[in-house]
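In the form predicted on its own, a lone chain appears below as structure tokens.
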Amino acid sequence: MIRFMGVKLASGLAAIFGASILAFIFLRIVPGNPARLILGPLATQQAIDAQITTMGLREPIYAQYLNYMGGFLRGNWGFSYSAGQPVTTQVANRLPATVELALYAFLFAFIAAVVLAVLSTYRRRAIIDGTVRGLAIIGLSMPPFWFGILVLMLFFSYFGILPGPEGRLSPTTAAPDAVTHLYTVDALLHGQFATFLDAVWHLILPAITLGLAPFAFLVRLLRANLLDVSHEAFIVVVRSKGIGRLWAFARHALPNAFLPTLTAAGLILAQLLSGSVLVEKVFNWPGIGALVSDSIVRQDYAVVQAFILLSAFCFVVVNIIVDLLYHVIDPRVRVS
């Protein structure tokens, strides 16, 4: 187990190192002069040259990289000149909103996919199976931002039963005292049930919009795996021993079919935690995706570079967790 963890950790660090190099190099060869963007179009050439020297852009590229990574590991992720504050402050203010939205979107996608895949394959009713496949096709073919606009028009503008693009809470609701910075969790910790319901109410539409495509992918994957496993020889042997169909399905077919879905679910969770620019823009969600989108437009590359490194770290951590779960769930992995 220790050797297994060591190999996974080493490969993860190598992936983060590679992502950091690519991000650092590519963001410095794109067109544009960051010093002029900071000082404005009326700045003199002398002021621009002085700003370039202050930012350390005259040093060799390897020296710039080492300086940046040294500062990043110490918690200095750069300075956002467009916002006038450190990148760590911006990320700390925006990241909890993205994490909360991503977790609820993942819960919706994962639970709905498991439930509907099981319903679709257990009895193979034509109506249920056709409905599930239809929902999967819709989820995979519909762009999330367009679906978000549709549900806003329907449930906010037309019916008026769900909140619109006003952020994480209603304007009249105060944010709970920060503990985890996740409004739903903090509201429950302080016993503010009205605030909790308001936060959940604002999460419904963006979470469903963000989780629709992952749900469609997971339900198709799990449904196909369940159909394949249910016809395996070991299921026939289990049934021949007098075990009921439901128990054989739940105890033997579902765990074996679930393993590929676990890998896909881990990658989807990492992707959701990295932020979704278009969905956050549609719902005016103050998350990291909207921050990165605005930073790209303003060519604020310190924010973009920090986001790339955090995304790489997130993918590596989630993949290691998935591999550990494989190690626990599947005895064949432990034997190998």
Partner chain sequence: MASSAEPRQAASQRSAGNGPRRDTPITRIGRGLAYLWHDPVLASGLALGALLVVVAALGPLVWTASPFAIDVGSSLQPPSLTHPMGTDSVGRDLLARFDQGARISLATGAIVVVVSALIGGAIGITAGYLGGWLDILLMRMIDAILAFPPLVLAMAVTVGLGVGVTTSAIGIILTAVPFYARLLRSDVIRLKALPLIEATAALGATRTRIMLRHILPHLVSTLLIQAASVFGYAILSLAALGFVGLGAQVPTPEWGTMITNGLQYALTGQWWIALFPGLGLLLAVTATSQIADRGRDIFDPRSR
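Because the structure is predicted, anything quoted here is derived from the model rather than measured. Positions refer to the first chain, counted from 1. The term rigid core refers to the maximal set of C-alpha atoms that superpose within 1.5 Å between the two forms.
Unshown form predicted together with its partner chain; subsequent notes refer to it.
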{"query": "Interface residue in the model of the complex among 236, 175, 250, 153, criterion: non-hydrogen atom within 4.5 angstroms of its partner chain", "finding": "153"}
{"query": "Option touching its partner chain, based on a heavy atom within 4.5 Å in the model of the complex, out of 259, 182, 142, 226", "finding": "142"}
{"query": "Touches its partner chain in the model of the complex: residue 326 (any heavy atom, 4.5 Å)", "finding": "no"}
{"query": "Residue 62 within 4.5 Å of its partner chain in the model of the complex, heavy atoms", "finding": "no"}
{"query": "Residue 312: touches its partner chain in the model of the complex, heavy atom cutoff 4.5 angstroms", "finding": "yes"}
{"query": "Non-hydrogen atom contact residue 78 with its partner chain in the model of the complex at 4.5 angstroms", "finding": "no"}
{"query": "Heavy atom distance at most 4.5 Å to its partner chain in the model of the complex, all of 6, 109 and 218", "finding": "no"}
{"query": "Residues of stretch 301 to 321 in contact with its partner chain in the model of the complex (4.5 Å, non-hydrogen atom)", "finding": "301, 304, 307, 308, 311, 312, 315, 316"}
{"query": "Core-aligned CA displacement of residue 282 at least 2 Å between the shown form and the other one", "finding": "no"}
{"query": "CA of residue 72, rigid core aligned, shift of 2 Å or more between the shown form and the other one", "finding": "yes"}
{"query": "Exceeds or equals 2 Å, Cα of residue 265 between the shown form and the other one, core fit", "finding": "yes"}
{"query": "Note on residue 140-residue 267 C-alpha separation in the model of the complex, which departs from the shown form by 3 angstroms or more", "finding": "closer"}
